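Just the one chain here, laid out as structure tokens, in the form predicted alone.
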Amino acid sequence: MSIVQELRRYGVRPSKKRSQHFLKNRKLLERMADYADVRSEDTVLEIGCGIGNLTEILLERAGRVVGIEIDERFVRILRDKIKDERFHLITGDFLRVEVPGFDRCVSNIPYSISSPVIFRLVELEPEVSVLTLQREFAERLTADHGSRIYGRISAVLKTFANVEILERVSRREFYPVPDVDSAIVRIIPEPSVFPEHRDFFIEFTGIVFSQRRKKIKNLVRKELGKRAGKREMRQILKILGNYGDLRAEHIPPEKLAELSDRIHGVLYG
């Protein structure tokens, strides 16, 4: 039965508001599981299970699948369709619910929440994540400093993980058809840079990339000035040095990590 036929059978229409687009091509879904090297001893996380087409493939290979689905309509379909005791379904928002332990993540991510999902996966550190993402967003994940698409998420991912675009996926492979093409991306937590204060580094990148056209010294002065005295701020500006006159897009991740650690030392000792 096709995805369209299944949705009609259950009387459900995908929501554009929630970026619900389902991969129709089973071979593509199987390749996602292949790319993640899903094995019988693995617990696999799937974010946004939809009607369960990828879920069923993961259950053929994994020891256990944890699915998180926010849409009650699809929760009802999943409970009706998948009776396997190895499938643990959580109803809720991946960004808010407590996620049980898992080894790998294989998911078709809604475009509208791609960035926060990636940041949470960075925090949870699965062995590997294989995700379908909007193609332009996937290219941002792998962008180098100096590129017009290099941004906060590029810097953070390059610091904490090895990111690879595995293949491009035409929009015609989805139902309903989205406005853009997609890509399958693999993320492996292999740090190339080691900021001593990980949480502050993520906060610091949020500050310096918050307004792309502004020099980072102005952004740092505005945001960190709320918690730093005049003496501390002079030290921070001295640490920034010539980099303070640049925009964040021109600064490589390793330098951002160095600056954030030194600034953390001024703020928190």
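Each residue number is its position in the shown sequence, starting from 1. Please read these numbers as outputs of a predicted model, since none were measured by experiment.
This protein has a second form, the form predicted together with S-adenosyl-L-homocysteine (SAH), left out of what is shown; the following refers to that one.
This chain is displayed alone, yet in the predicted bound form one of 9, 247, 18, 13 has a heavy atom within 4.5 Å of S-adenosyl-L-homocysteine (SAH); that residue is 18. In terms of contact with S-adenosyl-L-homocysteine (SAH) in the predicted bound form, the residue from 184, 163, 113, 77 that brings a heavy atom within 4.5 Å is 113. The stretch among 41-49, 222-230, 206-214, 235-243 whose residues place heavy atoms within 4.5 Å of S-adenosyl-L-homocysteine (SAH) in the predicted bound form is 41-49.
Contact annotation for residue 92: at least one heavy atom lies within 4.5 Å of S-adenosyl-L-homocysteine (SAH) in the predicted bound form. Interface residue remark: residue 108 is counted as part of the site for S-adenosyl-L-homocysteine (SAH) in the predicted bound form, having a heavy atom within 4.5 Å. Contact annotation: residue 23 falls within 4.5 Å of S-adenosyl-L-homocysteine (SAH) in the predicted bound form, judged by heavy atom distances. In the predicted bound form, S-adenosyl-L-homocysteine (SAH) lies within 4.5 Å of some heavy atom of residue 71. Residues from 197-217 do not approach S-adenosyl-L-homocysteine (SAH) in the predicted bound form: none has a non-hydrogen atom within 4.5 Å of it.
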